[in-house]
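Coming up is one lone chain in structure tokens, specifically the form predicted alone.
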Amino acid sequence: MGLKVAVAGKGGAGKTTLCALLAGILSRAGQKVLLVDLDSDPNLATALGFPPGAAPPIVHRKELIAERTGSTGEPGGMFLLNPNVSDIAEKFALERTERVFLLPVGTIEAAGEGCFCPQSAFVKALIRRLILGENESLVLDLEAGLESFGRAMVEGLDVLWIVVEPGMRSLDTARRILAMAASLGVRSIQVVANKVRPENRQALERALRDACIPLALVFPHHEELAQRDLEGTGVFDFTDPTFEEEALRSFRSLPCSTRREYRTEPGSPRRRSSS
């Protein structure tokens, strides 16, 4: 089975950026990567370098949701809790490279869009049934904050990255996510500090210790990434060799029940079957 990784954190902490960078890291390690954007403010397509409008969220395809769940969209109406989603990834995933694909799922943005239940059932079924092969990894860009955990969207994860940035609000969110994720069967939870400058690293590490939040990885502040974000250009091809090696080392150290061998040089993962 492949490795299922989710990335969570407070809005603005940089989880979407780290999702895009993680896809590059895993693909260079020989993995075929399926990225799933579950955020209500989907920006993963932009982070990967897709043009604006290229990745409309699947949950906004009302005809598709109605077809698969049998929902009429009326409040209180009947719908399938276990819809057929076996072909969704094959039909709707966008190719970024021959090894990296994006599935723009999204979530419901606001009230007034009808009953949320069919969309939630559709998304939960989709996440549960994404099956990975030996050289395939799944990266979930979760909705900002705690909403994904309230819906138990992350049950059975192999790895959860909780992204924090220097700031107490980010740490407070991380502490709440840690408490919720621990009860959902997540095998490995790793806190990743993002946007860390040399002058504030010690203060951040001290604040994490005081909050009893274990720090696993540190991704430094990069002016180039800040500039790309300002310009709205992709970050997928950006590399930080030190962080890349540390991230791969953290995956290699996973318990044997989840660990897979990661190469440090590009390989040739098998292509996903069309069946």
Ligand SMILES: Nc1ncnc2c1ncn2[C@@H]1O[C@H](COP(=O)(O)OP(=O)(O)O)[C@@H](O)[C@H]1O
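Note that residue numbering begins at 1 and tracks the sequence as displayed. It should be emphasised that the depicted structure is a prediction, and the values quoted were computed from it without experimental measurement.
One more form of this protein exists, namely the form predicted together with this ligand; it is left out here, but the text below deals with it.
Using a 4.5 angstroms heavy atom cutoff to this ligand in the predicted complex, none of G24, Q31 and R252 count as contacting. Exactly one of the stretches 48-56, 213-221, 62-70, 241-249 approaches this ligand in the predicted complex with heavy atoms within 4.5 Å, and it is 213-221. A heavy atom within 4.5 Å of this ligand in the predicted complex is found for one listed residue only; from N135, T173, T107, N194, this is N194. Contact annotation for 221-254: residues with any non-hydrogen atom within 4.5 angstroms of this ligand in the predicted complex are H221, H222, L225, A226, D229, listed in sequence order.
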